[in-house]
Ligand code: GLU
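This document starts with one chain, in the form predicted alone, laid out as structure tokens.
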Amino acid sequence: MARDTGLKRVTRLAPSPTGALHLGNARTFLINWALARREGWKVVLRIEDFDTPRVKAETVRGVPETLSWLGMDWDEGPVIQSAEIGAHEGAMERLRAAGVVYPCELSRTQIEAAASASAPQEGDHETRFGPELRPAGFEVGRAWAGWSRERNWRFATEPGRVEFVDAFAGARAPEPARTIGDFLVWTKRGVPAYQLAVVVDDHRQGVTDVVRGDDLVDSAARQLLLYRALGWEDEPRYWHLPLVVGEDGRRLAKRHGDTRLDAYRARGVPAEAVIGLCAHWCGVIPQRGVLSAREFLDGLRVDRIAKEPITFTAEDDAWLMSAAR
């Protein structure tokens, strides 16, 4: 169930330090921040750094500075996700005791080989892990005897749709058992996987509203399954926004050129131009223009945000560069 709306609402800006923020991130974070400041939500800045091999220390330091450059602020943080791993270990013990997780010794190659005869997967670069790959002797509801931090653990995803009402996108009903199957909740590196880490941190930080891209709708279903398995009734309200894509229709990435905020900043593009482009994409202003974060906040109306993906064009890039000082 969703949190009682009579309680103080809390959101989080939760960038991952695995890479620099780009224009698509800027748009999502600006909307999140503006909603929070408009509605009086508490804002927590959380650096999600459990993806240890890919974390870049300079990015951990630089992300808060980039958000500040765009005019955003927060009420708590930056909170470093890995600083309190004990809460994640406690959640794993609850899942183990509930009989909904099991250790997995299969390699990625073995999993892909087992799934090769299946239909193409609908998840984003993920291979479905079907129940036939569960270890012998595992039964849902019967606790696996003991757990080791140095093993991969998966959540046993039962068949059925996970229904929820998205505050932006409306009713949603993903079926993770069909698209993803049993997903990782703990890794052999001794740290939680993304899905469990997010749920534990949102729960303990009192997060009521999660604003992010709609490529994570299926992740919302997985996270809700974890909330329910852990017996936590404080499920957040999700706001899934259409992504910013390149002219090829694919999610904004290096293939579309250098769209990093730091790169534009280094070339003299002012923050107000980046905000103005995002404002145009969000229906705040009819044409590209120069806006402050406060002006973005004052003009944002959720019902004016496009329901379809936003296309970043060569003209957008040229306009940003024309604003360089």
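All residue numbers refer to positions in the sequence shown, first residue = 1. No experiment lies behind these values; they were computed from the predicted model shown.
Missing here is the form predicted together with the named molecule; even so, the following discussion is about that form.
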query	finding
Interface residue in the model of the complex among 229, 177, 216, 200, criterion: non-hydrogen atom within 4.5 angstroms of the named molecule	216
Contacting member of 212, 172, 154, 237, with respect to the named molecule in the model of the complex [4.5 Å, heavy atom]	212
Exercise: residue 168 in contact with the named molecule in the model of the complex, heavy atom 4.5 Å	no
Residue 194, heavy atom within 4.5 angstroms of the named molecule in the model of the complex	yes
4.5 Å heavy atom contact, residue 14 and the named molecule in the model of the complex	yes
4.5 Å heavy atom contact, residue 48 to the named molecule in the model of the complex	yes
